[in-house]
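Just one chain follows, in the form predicted on its own, and it is written as structure tokens.
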């Protein structure tokens, strides 16, 4: 074993002092939470709800910065390349931090290597939704319609690699259909097109959909979970509706650039934890249909394990995908 030089020992000693000091001084400035999708989408909504409470705990405003493009990877790259001092974080999700590497061969980051995990913010069940005037009253009739239409049907999504794209890709693979895919810069604009009957259907996180489903501006055919969602109790599960293979639950989680000091990450994780324990925050998330992770499923270690398992899950579904 090589002996450490005096300068190396000194450097280690300085680092040992700087790390706790950095955490003690953190945050010095406002914190930028990059949301890699347009304002009004599910990731944006979750980010704003938890970010508002995190601001109180951290003593500095958490400012949302919407950076759209390429299924959320543009904003994720922006965050990955930011200074790793904790003042820039990103609200990623299943698309940006699990599915994207299999859809973008030249992706500039590795979800499981180029970020520090902060914690899971919310689980968000995915629904199959259609324009309100589609000639199908339930999922079984929609399956028949979609197979008949095939490429003449059109599917909206928030960009290649987004949750809406990935989960509808799963749906289409189950049905054996190849609809025309219509990309938008975020789920919010895609949903607006669905409400306006400009597109036929999409798969989306429940957080974005409750008021539109209850208001009758779109149809919800099924939720991709074993149990019905309390926010939309009249919407059947995919199994009840006749398509048990469609199981889709997205998630939203906070990440920091690689190399962000552990003590800073822990401080951010604690602020997120306090937000998820707050009764008002919990009510807002639950009313939107989100699943709030328990204590064991929230922190950095749990999120690291989740990213690994999700990448393994989506790899066989997405590898070799032809994007039209």
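Source: prediction; values computed, not measured. Positions refer to the first chain, counted from 1.
Unshown form predicted together with ligand MLT; subsequent notes refer to it.
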Indicate whether residue 90 is a 4.5 Å heavy atom neighbour of ligand MLT in the predicted complex.
no
Indicate whether ligand MLT has at least one heavy atom within 4.5 Å of a heavy atom of residue 47 in the predicted complex.
no
Residue-level contact is defined here as any heavy atom of the residue lying within 4.5 Å of ligand MLT in the predicted complex; does residue 42 satisfy this criterion?
yes
Non-hydrogen atom contact residue 123 with ligand MLT in the predicted complex at 4.5 angstroms:
no
Within 4.5 Å of ligand MLT in the predicted complex, heavy atom basis, the matching stretch of 169-177, 155-163, 233-241, 211-219 is 155-163
Contact with ligand MLT in the predicted complex, heavy atom within 4.5 Å, among 111, 188, 224, 75 goes to 188
